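Encoded as structure tokens, the following chain is the form predicted on its own, with no partner shown.
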């Protein structure tokens, strides 16, 4: 009976693994243990997947509990994370930091870096030794996920790392020979970069990201057409603007939006559909003949499928649009552009200035932006499963 240990934080990390976990759980005779870190537990429970936390494993001791009790006092309560789990996570991580750096060094590192200082390999060695899996599955996230894959390697347990996006900051460890037996990446450009820094060709596999498999739904075009009819957008050339907040320059998204509104005068059939990020709260321009709003209640995949061009700064929506073959224009003046370099990776047409936006939108609508070299959505989960099967 194969036993897979999946280790994941919340958000995009657990979401990248959930399709694989669900398929493995459906296989007769297979056992999957999900070590859900921090908010990932709530996501797993919501999907009906049994999870364990560090508090459920024999990884704590008196020192870790002492550190955890102290550190949790400075945290705001999170309804998605039980206090006992926070004590276990923080306490074990800090105990391992003390082991590596000494009391004074750990105090300095934690004061300067916070949780970024954590790399709890000894804790994950204990967890893996106790659970005794045949394979460890995780993503490229730092701290406990990185520690899980490094611990697996030290114990001789095969492991698979799923890279959800570009692995830019994670290249420091994902690029190391021996970090995870196999690395699954979402696109060829990421693989090429990892090979450049020293990974062997057989170690890095382009699989796509399983979280985007929903974009391969065969009914998507029908859903898109139904949405177009329901919103009264027939005959309109939809320009989707996916905004998000910009901490260093809060007004930057509004200036990008104003530049996009100015492009509408070129053609009365153009329609700017504004879809703000949930954290980007502001007074949207009023809807009118050439302006419409899209909310989280709308089917995002269908909205992307009917758009003729998608504009963003660094939102993941841009990558989803590219996977669907939509032309993508990015405004590359965001402080976050280095962390989501769509244009540099050939995923979008970059606009360096606000004046560059209109020509880029015109090129997209005229079909002058080539489709990016990305694997079509829909097969990533199968591809990752093939990698796992190859190791087991």
Partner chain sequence: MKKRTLTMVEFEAAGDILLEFDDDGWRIQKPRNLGVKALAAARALVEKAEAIKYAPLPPPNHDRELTLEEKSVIAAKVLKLRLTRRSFRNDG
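Positions refer to the first chain, counted from 1. Owing to the predicted nature of the structure, the values given are computational and were not obtained by experimental measurement.
Not pictured, yet referred to below: the form predicted together with the partner chain.
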The partner chain isn't shown here, but in the model of the complex which of 129, 248, 196, 169 has a heavy atom within 4.5 Å of it?
-> 129
Note: exactly one of 226, 292, 100, 259 sits with a heavy atom within 4.5 Å of the partner chain in the model of the complex, namely 100
Using 4.5 Å between non-hydrogen atoms, is residue 125 touching the partner chain in the model of the complex?
-> yes
Hey, in the model of the complex, does residue 178 get a heavy atom within 4.5 angstroms of the partner chain?
-> yes
Looking at the partner-bound form in the model of the complex, is residue 121 within 4.5 Å of the partner chain by any heavy atom?
-> yes
Please check if residue 165 has a heavy atom lying within 4.5 Å of any heavy atom of the partner chain in the model of the complex.
-> no
Region of this chain that lies against the partner chain in the model of the complex, out of 150 to 158, 187 to 195, 271 to 279, 75 to 83 [heavy atom, 4.5 Å] = 150 to 158
Even though the chain is shown alone, can you say which residues of 41 to 67 have a heavy atom within 4.5 Å of the partner chain in the model of the complex?
-> 63
